[in-house]
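The data below hold one chain only, encoded as structure tokens and taken in the form predicted alone.
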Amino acid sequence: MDKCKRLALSSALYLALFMGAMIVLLPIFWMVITACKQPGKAFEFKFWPKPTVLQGACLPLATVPQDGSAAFTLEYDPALYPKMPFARQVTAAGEFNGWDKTKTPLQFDGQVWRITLTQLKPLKYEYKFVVNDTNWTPDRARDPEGDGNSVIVLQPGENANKVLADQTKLVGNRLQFQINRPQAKILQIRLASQKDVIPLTQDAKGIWCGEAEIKPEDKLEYSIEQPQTFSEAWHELYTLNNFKKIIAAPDFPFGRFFFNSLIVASLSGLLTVILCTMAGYAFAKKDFFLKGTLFMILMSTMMIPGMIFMVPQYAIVTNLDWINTYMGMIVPHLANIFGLFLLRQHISIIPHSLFEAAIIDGASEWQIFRYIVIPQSFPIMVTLFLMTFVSQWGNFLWQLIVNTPDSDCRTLPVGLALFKGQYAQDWEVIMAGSCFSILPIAFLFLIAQRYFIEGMTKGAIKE
């Protein structure tokens, strides 16, 4: 009976620990999943592909005004343009606006850029999209393989948006539409002014047809469910192009940013450990004038918020001409009072008899520091190095302040901010860069794991 109770308690304990670990690691899992999602799907609460794809929209109807003009909807889906830079602004230029790239800006709805052109004459128009005011590209939704201008042909009262239908015409005050999707299941098509779903029929060719009376203010709401294979559904939701994009982006020198972060974090951690170990040894085992008072003054500075130091630190760095240099990013953060306290407390418990024996044997201060202090404090030194490394690896504000936008010393957190556009942020690519940024930290923790265990299990040294 006691064995069953112990087994039940052990199982409950392991289950609680597992659930706690999952909760702690949930942000990392979310980051990795987001990094693998297709553009525009970062905030969709969807993780497993479905066997069908559901498409829906609410579009204004093409009407026939007195002058016989027509309407047309243009859409720029970033997923169709993997080689294009991240879109901060998209416009349409063509024969309908005299090829002026500033007259027809598209609006971003969180997934695609869209605009509905009205009052167009029933003519043939050539056009292109302009991304970020410099990159001209055809409409890949209508011309996937073409390199020239895309073409639209409008008839009076026709909405030529192929996403919705092959033909949508307004005859008098009745809407006639034909949707050429034989494998599709039409869930609903309704008008904004009507509660009932528009009745549909499917002919022998699989074309869905319907007709309804409309009003000028009506909008057409539709939802289409279409079967797809698991592979198609998986690639519709997930992709590895985000990782390729962040490595191959011409405006994002990922290798340089990664190297800068590695240099700054490594040197900061190493120099901090050296200074704190020396200072901790002096405060723990040496006697000098105002030792206790000086230590209390240093400890009291930990109560001052770090933001207060930022302005004087920046003034000093500027006067020393350390802007856009490694010195400006590393030196101001070497005075780690917590590290000093950590090393001082650990070194103070090392038996003084070891130091006395070394002095009797003729050991110098450097030999005492090297053969007694460092070996006995090594697990704590590794811990302080990792804490400093992680802090400096993710430091964004200070590295942003001491580097100009064109600096070659920018670190990875600052570089990732380049993917922030004027109207939107490419969260999938930012998460891909964040995945790369955690690799050195995870590698260091795996290497230093045994030193953590040694530091926790190491017993006191007997005299």
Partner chain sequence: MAGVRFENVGKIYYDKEKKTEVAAVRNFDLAIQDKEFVVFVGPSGCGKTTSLRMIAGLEEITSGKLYIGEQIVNDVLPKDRDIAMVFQNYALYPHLTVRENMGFSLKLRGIPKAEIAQKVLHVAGILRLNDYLDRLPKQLSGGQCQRVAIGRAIIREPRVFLFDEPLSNLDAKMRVDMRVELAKLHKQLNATIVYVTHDQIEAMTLADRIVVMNNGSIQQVGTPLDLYNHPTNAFVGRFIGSPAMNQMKAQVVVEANVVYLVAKDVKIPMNGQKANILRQHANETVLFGIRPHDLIPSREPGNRFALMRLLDVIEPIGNESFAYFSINGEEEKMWVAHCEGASPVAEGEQAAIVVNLENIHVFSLDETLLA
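On a predicted model such as this, the values are computed, not experimentally measured, just so you know. Numbering follows the first chain given and starts at 1.
Keep in mind that the form predicted together with its partner chain is not shown, yet the notes after this line are about it.
Trainee: Considering only heavy atoms, tell me if residue 287 and its partner chain come within 4.5 Å of each other in the predicted bound form.
Mentor: Answer yes; at least one heavy atom of residue 287 falls within 4.5 Å of its partner chain in the predicted bound form.
Trainee: Residue 376: heavy atom within 4.5 Å of its partner chain in the predicted bound form?
Mentor: Yes.
Trainee: Flag residue 362 as yes or no: does it have a non-hydrogen atom within 4.5 angstroms of any non-hydrogen atom of its partner chain in the predicted bound form?
Mentor: Judged by the heavy-atom cut-off of 4.5 Å, residue 362 is in contact with its partner chain in the predicted bound form.
Trainee: Residue 240 near its partner chain in the predicted bound form, any heavy atom under 4.5 Å?
Mentor: So residue 240 does not count as contacting its partner chain.
Trainee: Please identify the residue among 354, 247, 270, 79 with any heavy atom within 4.5 Å of its partner chain in the predicted bound form.
Mentor: For this set of options, the contacting one is 354.
Trainee: By the heavy atom within 4.5 Å rule, which residue out of 136, 234, 371, 259 makes contact with its partner chain in the predicted bound form?
Mentor: After the contact test, the surviving option is 371.
Trainee: When its partner chain is placed as it is in the predicted bound form, which of 109-117, 79-87, 354-362, 250-258 ends up with heavy atoms within 4.5 Å of it?
Mentor: Contact-bearing stretch, as computed: 354-362.
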